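Just the one chain here, the form predicted on its own, laid out as structure tokens.
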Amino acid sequence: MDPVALYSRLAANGPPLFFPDPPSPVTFNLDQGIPAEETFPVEDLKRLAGQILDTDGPRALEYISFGYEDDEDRILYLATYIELVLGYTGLRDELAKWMTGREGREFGADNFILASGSVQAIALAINAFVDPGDGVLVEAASFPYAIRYMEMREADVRSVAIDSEGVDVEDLERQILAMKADGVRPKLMYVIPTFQLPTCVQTPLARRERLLELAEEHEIVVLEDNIYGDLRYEGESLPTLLSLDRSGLVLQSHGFSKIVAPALRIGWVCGDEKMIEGLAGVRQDLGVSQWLARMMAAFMAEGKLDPHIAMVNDVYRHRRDTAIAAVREHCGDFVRFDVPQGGFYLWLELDDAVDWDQVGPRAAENGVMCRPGERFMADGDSRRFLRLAYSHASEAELVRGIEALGAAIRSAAKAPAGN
């Protein structure tokens, strides 16, 4: 297989989501939101993986948990099928207890469907509630995978302005009314209100409440992406849209990829049982791994998850602070940014004095990979941004990488008029 040819064929179907161009040698990967390897609970997962095989045996390696005394009984058969579609009941029970404590609402196992990471969770929600021609509202800068799924469903996707306080609810209302005026039914709203991707801003409480009022008034399903919501390093937590929901229209996607380890490939959607049934109705695979789901259920039952999140937040808080100091030292004259209270990224706005077209090539020459902001833009914003991921690199690599990025930016600065 020729990797360059394969990459070119994939890129021909749309902007590559992970690499800006056929990849150059990379010394400093400040591009991808990858968790730090040293945070992975390797010893706990090794222990629990073996423990599950010792206690559950072959059941842990099946598609679903058989073991009923009479598999021909219709009710028991249907219960088994439901577990295949929704995912291992033991993990959904643990998630229900965890979310009940965090969200201030009562949840049960049937409020959850497990998925192969939060990306599949988002895809399930889009497939369940969006038909060709339906209107979908997204933030003006957003998660490219989610938008790609919407486009594959032939949705009418329209962007809503965001600012330093998240989604602009006045513009949201304008866009909803404009859709209706065009004869388009606004069906789904996809938002990342806590540590938004890529900007890392937070939508304040008043805006969250207004967003939900609009959703209820116009009967719009709200898909709240909360994948970064637990990665908070300072400030008071804000109530999620799910916790504020009184209409049953909110679905929240989440997963273990950012807070435990990506290779688990276990995400979920939480919401009203009727809404979860809608996602189950469009599922086309055979569910998540029984083995890994049982392992994570045991991880949670032992009370490991919350202490683990506290530990990873300490790691990322130090990474964030290191990145901020390095950007201020090496790029400060040419970039602007707000300090995020959580998440994995700095959202850097380049000064007009910088020749944007030169930054990417010169950063690549210096071995720096950093995601250009237009990869996330849905509204054609003319400003130029870089999303800098600080989560994966060590603190020493962060400093060196940001120094190299700063050198690229400075070298791309336009000469003053008359020079």
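Position 1 is the first residue in the sequence shown; the rest follow in order. Just so it is clear, the model here is predicted, and its values are computed rather than measured.
Below: the form predicted in complex with a small molecule, not depicted.
Screening 258, 294, 232, 330 for any heavy atom within 4.5 Å of the small molecule in the predicted complex leaves a single hit, 258. Of the residues given (143, 316, 299, 337), 143 alone sits with a heavy atom within 4.5 Å of the small molecule in the predicted complex.
Taken together, the three residues 129, 150 and 156 all stay farther than 4.5 Å from the small molecule in the predicted complex, as judged by their closest heavy atom.
Proximity of residue 225 to the small molecule in the predicted complex falls within the 4.5 Å heavy atom cutoff.
Contact annotation: residue 251 falls outside 4.5 Å of the small molecule in the predicted complex, judged by heavy atom distances. Though the partner is left out of this view, residue 105 does not reach within 4.5 Å of the small molecule in the predicted complex, counting heavy atoms only. Using a 4.5 Å cutoff between non-hydrogen atoms, residue 118 counts as a contact of the small molecule in the predicted complex. Only one of 201-209, 82-90, 285-293, 119-127 places residue heavy atoms within 4.5 angstroms of the small molecule in the predicted complex, namely 119-127.
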